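This document opens with one chain alone, in structure tokens, the form predicted on its own.
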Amino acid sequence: MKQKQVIQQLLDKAVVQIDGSQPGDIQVHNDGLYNRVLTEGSLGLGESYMDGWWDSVQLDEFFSRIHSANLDDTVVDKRLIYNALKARVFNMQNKRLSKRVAHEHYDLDTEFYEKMLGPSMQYTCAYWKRAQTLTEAQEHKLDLVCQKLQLREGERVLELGCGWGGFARHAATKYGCSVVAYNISSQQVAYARRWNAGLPVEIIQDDYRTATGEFDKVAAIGLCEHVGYKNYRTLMETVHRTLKRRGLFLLHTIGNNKSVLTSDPWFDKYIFPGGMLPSVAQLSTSMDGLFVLEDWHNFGPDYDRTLMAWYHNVNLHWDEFKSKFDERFHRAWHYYLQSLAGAFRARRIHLWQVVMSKDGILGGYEPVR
């Protein structure tokens, strides 16, 4: 079959064999896969996996090899081109469209996320430098953020995009701060309010762009991936007007090696609608003239380990959710978590913690690792 030969020639560059037995090889169950990938690109690859057309013993390793060989740039994806053109014309992450990811992803099922994420309820990269378990690594990540922000008792902290309220709780209970947090997901807001009841924490269900007040420190942990390139400057301006002079801002985000205008079509359709990953150039342009850059920390390989821990948790508890979600959903989450792990492993994407100050820290800023 000519199409099969074309695909195998591409996979040879990544040292991947069709129907091979090595980690990262693929097993094809439907020969329609080859035409689907050649005509539909990444969307066809992902949907065909969801449909059970192919498998890999180590999907994460398959994607690590694919990304290392830059094969994702080889097959022309017409939907990606269309989405990029649409993103140039429209603001795909305006206040109305930004709510899609809350409804379709973050409001999915709180119990499912509890099983996947563990007691920390942290849906962002853990910090594994001195940790052995996911729970320890997430606790260390929260401490890392607080230490980088140089939190002091009695300070007011603004959090933009608060997830289930784990950072707000940590900053209030461990560091004696009061926190105001913004989030557009109704499920997350309800959970965060319950979890932070009795603490000096206010959870506001609203868009980050509406934030008001004056704060000693600002944190945005996992928000920037949903902001969109047309709104990076708006995010920075929001932080600038709410941050006190000499205050610190920590931005925790997945980052891209190159500047893009949209995300992978499969991820946009099934996981994070409207999501996209910023580049160094896009972030630096957005902060230009507003902040002093104090520290830029890349620990992307820690996200590989975090994603694989989530993947194993999903598998461990899958029997508990068979009545809620079908096998196609299960395979979609296999694909999501392991494909991202492979991308981090190949160093195609990264995890950045960027610390900025308003007007500079007198005497200099001491980085924390």
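The structure presented is a predicted model; accordingly, all values stated were derived computationally and were not measured. The first residue of the shown sequence is 1; numbering continues from there.
Unshown form predicted in complex with another copy of the chain; subsequent notes refer to it.
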{"property": "Listed residue that, although another copy of the chain is not shown, lies within 4.5 Å of it in the predicted complex (heavy atoms), from Ser186, Thr285, Thr234, Thr110", "result": "Thr285"}
{"property": "Residue among Leu261, Ala172, Ala190, Val292 with a heavy atom within 4.5 Å of another copy of the chain in the predicted complex", "result": "Val292"}
{"property": "Heavy atom contact within 4.5 Å of another copy of the chain in the predicted complex, the stretch among 40-48, 325-333, 65-73, 308-316", "result": "65-73"}
{"property": "Contact label in the predicted complex: Ile361 to another copy of the chain, heavy atom within 4.5 Å", "result": "yes"}
{"property": "Residue contact check: Ile18 to another copy of the chain in the predicted complex, 4.5 Å heavy atom", "result": "no"}
{"property": "Non-hydrogen atom contact Ala14 with another copy of the chain in the predicted complex at 4.5 angstroms", "result": "no"}
{"property": "Another copy of the chain contact at Ala197 in the predicted complex, heavy atom, 4.5 Å", "result": "no"}
{"property": "Non-hydrogen atom within 4.5 angstroms of another copy of the chain in the predicted complex for each of Pro301, His350 and Tyr365", "result": "yes"}
{"property": "Residues within 4.5 Å of another copy of the chain in the predicted complex, restricted to 328-343 and counted by heavy atom", "result": "none"}
